[in-house]
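There is one chain below, alone, in C-alpha cells, taken in the form predicted alone.
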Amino acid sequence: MANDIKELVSKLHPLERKIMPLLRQSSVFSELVKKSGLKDIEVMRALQWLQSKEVLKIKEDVKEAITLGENGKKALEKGLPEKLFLESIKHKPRHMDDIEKETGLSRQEVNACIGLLKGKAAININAQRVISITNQGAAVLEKEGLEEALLKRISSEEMDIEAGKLKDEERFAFESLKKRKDMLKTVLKKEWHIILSSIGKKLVTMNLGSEKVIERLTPAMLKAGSWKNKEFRAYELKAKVPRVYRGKRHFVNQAISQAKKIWLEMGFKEMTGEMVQTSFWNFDALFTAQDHPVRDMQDTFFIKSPEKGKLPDKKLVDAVKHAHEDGWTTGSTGWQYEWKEEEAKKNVLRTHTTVLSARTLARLKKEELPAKFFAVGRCFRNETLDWCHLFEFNQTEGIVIDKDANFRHLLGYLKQFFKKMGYEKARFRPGYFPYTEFSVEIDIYHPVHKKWVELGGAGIFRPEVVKPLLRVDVPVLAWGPGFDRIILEFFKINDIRELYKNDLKQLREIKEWMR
C-alpha cells in the first residue's frame, strides 16, 4: 500500500496537489474554489482526475432555489394586492372602479383580488359592484398571511431557500404565489460534495511537497542548476481520458464509395441523374404498362407540383408508344392497349435507378458501343417500414451493352461484385420483370433472421426496351439490387431502419468500411 501511494503521489498534477490539502477543511466544491483561488474549471478538473484515480468520489446535489420576482419585491415593499384592496375598503364600501384608482392596481389584479377574497369570505359585493369588507376580511387584514411570511423569509435569508425543504404551511404559500405572475422565481442550482476514499483519507494527511515537484525542465533551470534536489512528476500512462471521435463520412456513404470503386475497377462508367423523373422514363421507356400495379399510388410517390413534366423528342415517344401498343418493330405484340401521353408525363420520385439506364441508352451512339455503366443512387417507394423495407433506399444499377454479351456474363459480373462486397455466395433464382427476359432474383442469406433476403432483380433487357431507346437490337445486361440490404451484415445491423436513425453513439462507434 505504501508503495502504491508513493507512486500515486509522484504522478499528481499541480492542480491535484493544491486541492488535496484543502479537502481536510472542506468537502464542498464552491468552498474549495474560494479557498484555492483557482477557477471553477480548474478545481473540477483536479477533482475529476482524483476521482479517476479512486482517491475520491464526486457527488452531485441539485436543489430548487427560491428567489423573489419583480412583483414579489413590489409586494414585499407595498403589500400584497389583496391587502391593498382590503385597506381601501377598510373604513367604507367602495365601487370597484374607485378601488382600482386608489390602489393603482390593474383591472386584472382587481378581478383576481375579488375572486381570492370572496373565497376567504372577506368581502361582499352587490349588483352595483360596490364592495364592502366583512369581519372575516378585517381579520385577514390585521393578520400576517402565509404568503407574506414566506416573502419576508425569502428576502431576509442569506442562503438560498430550497423548495424541497419548505414546511407544510410554507409549501401551501409557495404553491399559491407560484400561480401569480412574477411573484417568485425558482432556479435549479448544482452543488458538488467530495467523499474521500480510504486512499484519499491517507493522502490528505501527507505533505505532497508541491514546491519541490518539477513539471517541466527548461534551459534556464539547467543553466542555474535549480532542478537539483527536486522531484520530477512521473508520467501517468494509465489515466482514463475521454475518447476523441474524429470527423468521418457516414458509414453508408463509406460503403457507397467502395461500391463505386468496385464498378470503376471493373471498367464501368458512372451514370447520374435527377431523383424526380417523368413516368415516361421511370416506367414507359422500361416497357412497364400504364395499368401495371407498380404505377398505383400505393406503390409510387407522385409529385403534386409540378404534377407533369415534358416528354422527349416525338420520334422516341412514338417508338415507345408503339412498343406498348403493338410491339413496334420488335416482333412482339406489345401490351395491346391504348398508350396515353398524359399518363407518361406524370412526375414521380424515381422508384429505381434503372431510369438512369433508360436515359443512358437513349443518349448512346452506335460508335460508342460496346459500353458498361453503373449507378448507386437513392430511390423511393411507398413501402411499409419494417426490418428489411424502407420507403427511401439506395440501389446499385448496372448495364452492359455488347453484341457478344450473354446470360453467363450477367451472373459473372454480379458474382464478382458481391464477392468484393464481402459475400462469397449469392443465390440467383428465376424471376419476372416487365423489362427483362431472362430475369433472375438476387438473394443473400441473413445469418440473424435465418432467411434469404431479396436484394433485387437482374436480367437482359427485352427488345421492347432496347430498340426504341438505342435504335438497334443488341443484348443489354441489366441489374438493380437494393444496396442498403447488401451492407447490413458488414455493420452487424439486423434492422435496416438503423442505417438512417442518426444515433450519435452509433455514428461515433460503428466500424469503418474496410473490405
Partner chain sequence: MPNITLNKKVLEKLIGKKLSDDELQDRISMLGTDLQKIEGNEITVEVFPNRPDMLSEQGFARALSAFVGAKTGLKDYKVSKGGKDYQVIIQEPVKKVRPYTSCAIVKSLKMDGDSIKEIISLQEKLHITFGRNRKKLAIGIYPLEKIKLPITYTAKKPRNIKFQPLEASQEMDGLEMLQKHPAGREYAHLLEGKELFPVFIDSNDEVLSMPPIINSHKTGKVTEKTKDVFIECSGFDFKALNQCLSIIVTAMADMGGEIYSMALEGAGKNIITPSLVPEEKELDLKYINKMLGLELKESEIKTLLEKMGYGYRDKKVLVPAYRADILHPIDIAEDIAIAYGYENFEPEIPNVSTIGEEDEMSILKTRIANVLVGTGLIETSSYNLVNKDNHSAKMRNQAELVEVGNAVTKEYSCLRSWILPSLMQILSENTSREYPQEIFELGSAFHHDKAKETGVDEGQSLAIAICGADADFTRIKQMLDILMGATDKKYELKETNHNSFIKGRAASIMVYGQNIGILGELHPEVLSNFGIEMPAVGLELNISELHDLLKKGD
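Note that the structure is predicted; figures quoted are calculated from it, not measured. Residue numbers count along the first chain shown, from 1.
Quick note: we don't show the form predicted in complex with the partner chain, though the next part is all about it.
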- Complete contact of 90, 109 and 172 with the partner chain in the predicted complex (any heavy atom, 4.5 Å): no
- Using heavy atoms and a 4.5 Å limit, would one call residue 349 a contact residue for the partner chain in the predicted complex? yes
- Query: Heavy atom to heavy atom, is residue 340 within 4.5 Å of the partner chain in the predicted complex?
  - Reply: no
- Query: So, in the predicted complex, is residue 423 in contact with the partner chain at a 4.5 angstroms heavy atom limit?
  - Reply: no
- Should residue 408 be counted as a contact of the partner chain in the predicted complex, where contact means heavy atoms within 4.5 Å? yes
- Message: Looking at heavy atoms inside 4.5 Å, which stretch does the partner chain contact in the predicted complex, given the options 36 to 44, 60 to 68, 479 to 487, 457 to 465?
- Response: 457 to 465
- Between the options 301, 418, 192, 328, which residue brings a heavy atom to within 4.5 Å of the partner chain in the predicted complex? 301
- Counting non-hydrogen atoms within 4.5 angstroms of the partner chain in the predicted complex, say which of 124, 336, 136, 226 makes the cut. 336
- Item | Partner contacts for 240 to 256, taking the partner chain in the predicted complex and a 4.5 Å heavy atom cut-off | 245, 246, 247, 248, 249, 250, 253
